[in-house]
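Here's a solo chain for you in structure tokens, the form predicted alone.
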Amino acid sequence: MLILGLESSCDDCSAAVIEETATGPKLLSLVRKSQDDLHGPFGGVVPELAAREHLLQIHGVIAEALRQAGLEASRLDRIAATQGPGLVGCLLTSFSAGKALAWRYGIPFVPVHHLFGHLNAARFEAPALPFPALVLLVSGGHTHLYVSTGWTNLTLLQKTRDDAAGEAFDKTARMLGLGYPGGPLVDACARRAAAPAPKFTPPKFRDGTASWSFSGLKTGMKLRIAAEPGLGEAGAEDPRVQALCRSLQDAISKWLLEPIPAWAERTGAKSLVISGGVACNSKLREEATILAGRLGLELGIPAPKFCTDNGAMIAAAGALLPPSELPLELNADADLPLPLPMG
């Protein structure tokens, strides 16, 4: 089965073609147009600019994905596109393009929840992953832990109470004048540190609810930078900046993985999936590998090109999810909820 996957939920415009085989998805093409240069001066994504740029990019991205795969659109068996959640103006671009292509060629259309895409990104690395699995989806917009009994369901266990972990990386990079997007820049800076700065204090929750919080971490970083005049303009070559980045990265990795052992025991998990943009972080990948080995969990972390938003993960999910019976009636949904698990 040949599937075209389309993704434009935020600032990446992407299309990919995969072949779903008996042993999992096989990547035939992957095209991703980044808007980092467009949004860099603002230190974050400007929704209106992102949506307009997607309109300029989508036709060429789809055409290039088909060209790399050596296919005409009429040969596709399915077309899948992100329905939500995300920035609605951005979502509309690829979702509308997908519906139009499906209608033009009479091809089944599959609407895909963005988080199912991130889950299925792990199928490229671990198609035979055992279930149940703990699924940590962590990015600039999400920091959620789920349990899954298969590639098409997610049941929430805990989430951040405020900011996402990826936002803490981006805001830190902005405060330190490192640039945008912040995640890879903080990671690179942290790897150069001779030693970390003093540890950040982890949040404590009086109600005992399992959750995360990263707003205090951003505040702590802001106070440390303010305490040293000129630190915000010192740049990545400054050892103090490197030490701060390392402490931030250490804190985020530790806090994200800290609840995994208890949840693994409670759920009987056999594996651990970590996906989303923050899953590119070298420290998180390193610590997750150690933790999974200690707990006896099989680890599924996608290659970095599948961690950030991309069409391949949407195509992989679209291969397993059912096509819509009324595709032209569907619309993008910025707050699309996860469907309830079946059975």
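As the structure is a computational prediction, the values presented were derived from the model and not from experiment. Start at 1 and count along the sequence shown; that's the residue number.
Omitted here: the form predicted in complex with a small molecule. The next part is about that form.
Mapping the unseen interface onto this chain, residue 183 counts among the residues with a heavy atom inside 4.5 Å of the small molecule in the model of the complex. Using a 4.5 angstroms limit between non-hydrogen atoms, residue 169 touches the small molecule in the model of the complex. Of the heavy atoms in residue 274, none are within 4.5 Å of the small molecule in the model of the complex. Put simply, residue 140 is close to the small molecule in the model of the complex: some heavy atom of it is within 4.5 Å.
The putative spot formed by 55, 99 and 333 is not touched by the small molecule in the model of the complex; no residue has a non-hydrogen atom within 4.5 angstroms of it.
Between the small molecule and the residues 50, 297, 307, 30, the one pair within 4.5 Å by heavy atoms in the model of the complex involves 307. Note that among 36 to 44, 62 to 70, 22 to 30, 279 to 287, the stretch whose heavy atoms approach the small molecule to within 4.5 Å in the model of the complex is 279 to 287.
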